[in-house]
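Single chain ahead, by itself, as structure tokens, in the form predicted alone.
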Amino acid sequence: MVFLNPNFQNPTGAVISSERREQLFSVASELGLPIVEDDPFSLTAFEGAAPAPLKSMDANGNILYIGSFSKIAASGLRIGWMVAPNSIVQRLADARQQMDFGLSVIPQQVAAQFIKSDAFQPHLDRLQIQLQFKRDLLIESLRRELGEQISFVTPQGGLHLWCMLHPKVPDGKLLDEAIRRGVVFVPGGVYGSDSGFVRFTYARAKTEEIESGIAKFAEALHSLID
């Protein structure tokens, strides 16, 4: 089984190119490998629609397409969706029922009403605008505070900014220094990367906290290289 996050991947924000998607789909089809396509971020695309999911290429039911309201509606709304052959849906539903006798129907009803309401699309429009504004504010703050000491590729959707630090400092010490100043980030090593990478999440932070937070992060970094 192959698990993929093709659009605005967490943590890097990367989007798999169309050529790479075709290669992945071809190899998986040839080997008979099922693909789980996790796509919680496509509806956050800032400029136009995100690339079509891999599932759109699937004529044989080899791809299980899943998404979640937790990234586009509310972090506590742990309701998702799945597009897959009916036989797989039924088997997974049965397995879930045996685990915990099924999920609460109330959050499911809330999600269903939200999708059908006239408020859903305007909510997505506002979400995209707010996320893009916060992304831009984060990038502006990083460039002002750190300049050549940090590099990144600007994401076109999603919730995260993946950065490479050019001063080589221990991840653990940098995190400790940041926490002392009231700032928390995720070291890249948590995701299996080499030392020197960090993930900033701009979705949850309040707008007025972003600039001061990055200034404190820069202080933490500079305290280890001065």
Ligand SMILES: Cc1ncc(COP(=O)(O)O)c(C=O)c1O
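Fair warning: this is a prediction, and the values are worked out from it, not measured in the lab. From 1 onward, residues are counted along the sequence shown.
One more form of this protein exists, namely the form predicted in complex with this ligand; it is left out here, but the text below deals with it.
Q. Pick from 53, 157, 188, 40: which has a non-hydrogen atom within 4.5 Å of this ligand in the model of the complex?
A. For this set of options, the contacting one is 40.
Q: Let me know the one among 201, 193, 29, 70 whose heavy atoms come within 4.5 Å of this ligand in the model of the complex, would you?
A: Checked against the cut-off, the match is 70.
**Q.** Candidate stretches 55-63, 32-40, 162-170, 177-185, one within 4.5 Å of this ligand in the model of the complex by heavy atom
**A.** Selected range: 32-40.
**Q.** Close approach of residue 5 to this ligand in the model of the complex, 4.5 Å, heavy atom
**A.** Answer yes; at least one heavy atom of residue 5 falls within 4.5 Å of this ligand in the model of the complex.
(Q) When the contact criterion is heavy atoms within 4.5 Å, does residue 78 count as touching this ligand in the model of the complex? (A) Within the cut-off, so yes.
Q. Any of the heavy atoms of residue 212 lying within 4.5 Å of this ligand in the model of the complex?
A. Although this ligand is absent here, residue 212 would stay clear of it in the model of the complex, with no heavy atoms inside 4.5 Å.
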